[in-house]
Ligand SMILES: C[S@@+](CC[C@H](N)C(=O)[O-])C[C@H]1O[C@@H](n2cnc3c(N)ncnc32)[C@H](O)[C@@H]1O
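Only one chain is shown below, in structure tokens, and it's the form predicted alone.
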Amino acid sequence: MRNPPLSLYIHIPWCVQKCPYCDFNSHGLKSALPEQEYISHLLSDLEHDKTYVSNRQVTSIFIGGGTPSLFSADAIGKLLSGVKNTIAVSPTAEITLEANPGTLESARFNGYAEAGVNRISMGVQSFQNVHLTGLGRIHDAQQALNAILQAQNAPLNSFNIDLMHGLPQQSLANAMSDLTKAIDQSPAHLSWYQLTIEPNTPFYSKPPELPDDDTLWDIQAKGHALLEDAGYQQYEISGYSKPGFQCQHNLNYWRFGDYLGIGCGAHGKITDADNGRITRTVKVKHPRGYMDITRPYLDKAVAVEQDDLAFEFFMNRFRLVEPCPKSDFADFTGATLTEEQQQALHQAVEQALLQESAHQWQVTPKGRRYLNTLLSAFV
């Protein structure tokens, strides 16, 4: 067993308003944004977590939310400077900030780049106002296009457009219109994913009318062909990029890498190769509790049970289009496949969900379509 590469996730929990489909740990902004106070707590949180770093450099940083672009460029600069003064960060690290396409935030893109951000991930979701209104987004289609133009003109290495499909009452033609508009903007990366109804959201308690399964499949199939024809390569289930522009932070997640998670409700995964243990951490969820100096930032730390290692590893690794080296399983889990698990893999090959060679496994297109079936054998 060995310690895998290490990333850092930073959670900023505030939004202007909560979207009805969102089950992330986000909170509508009801008063002044406590930028400096929260950054101070983030850096203190990181100080407590730096014992997990060992001798590794952080290879990517992802500032997510919430809406991190509510924070000023000066605040983001102070945050990143503090991170680099606390732990070792690779000089070539990918540093992503999630942004809302509202006019106020997009005007800050140059400042974010000067602060050290080299990749922007923009939550567009749709280029059609009727869908944006239905999704509870605070921007309109023109603001999204303006924000994309600002990202294109900022000194960034890459930018991503987040786009949803399978929206309420969306037709195939309507979904392809949205995707074509996104492709026309020529982002280096496109996250194209289906709207799902999650528990504890307004959409769950009062579900909208979604496209039927046949329409959803047609959208997925035609959209995939459209992206490939435009030169985008699928590298994970919902991730498409131009060659060389895959999201390195997400790749580390799916390759079963480690990540520190700081901020309200942030999750982390830490390997201790010396003791053969993998621990998942969760920080205090609510901002008031997180910024209460009388209590720890860590809410819970749970060791991954030996029986769960195969499921956790394959749940992540089989999202990727790239082959999985068989040696990664032992290297990153410290475990050995049981006879039952080996049989499950063999059956997946027989069902054409998986291809296998002497040194690697490769999920097939059919396996990606029926990923839950493939993974259920390891539960």
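These numbers were taken from a predicted model, which means no experiment stands behind them. From 1 onward, residues are counted along the sequence shown.
This next part talks about the form predicted together with the ligand, which is not shown.
Note on contacts: among Lys283, Lys269, Arg137, His189, the single residue with a heavy atom within 4.5 Å of the ligand in the model of the complex is Arg137. Put simply, of Asp178, Glu94, Asp162, Asp258 only one has a heavy atom within 4.5 Å of the ligand in the model of the complex, and it is Asp162. Using a 4.5 Å heavy atom cutoff, Thr67, Glu98 and Leu195 all lie near the ligand in the model of the complex.
You can rule out all but one of 118 to 126, 82 to 90, 227 to 235, 271 to 279: in the model of the complex, only 118 to 126 has residues with a heavy atom within 4.5 Å of the ligand. When the ligand is considered in the model of the complex, Phe24 lines it closely, a heavy atom lying within 4.5 Å. Contacts between 332 to 363 and the ligand, taken as any heavy atom within 4.5 Å in the model of the complex, involve no residue at all.
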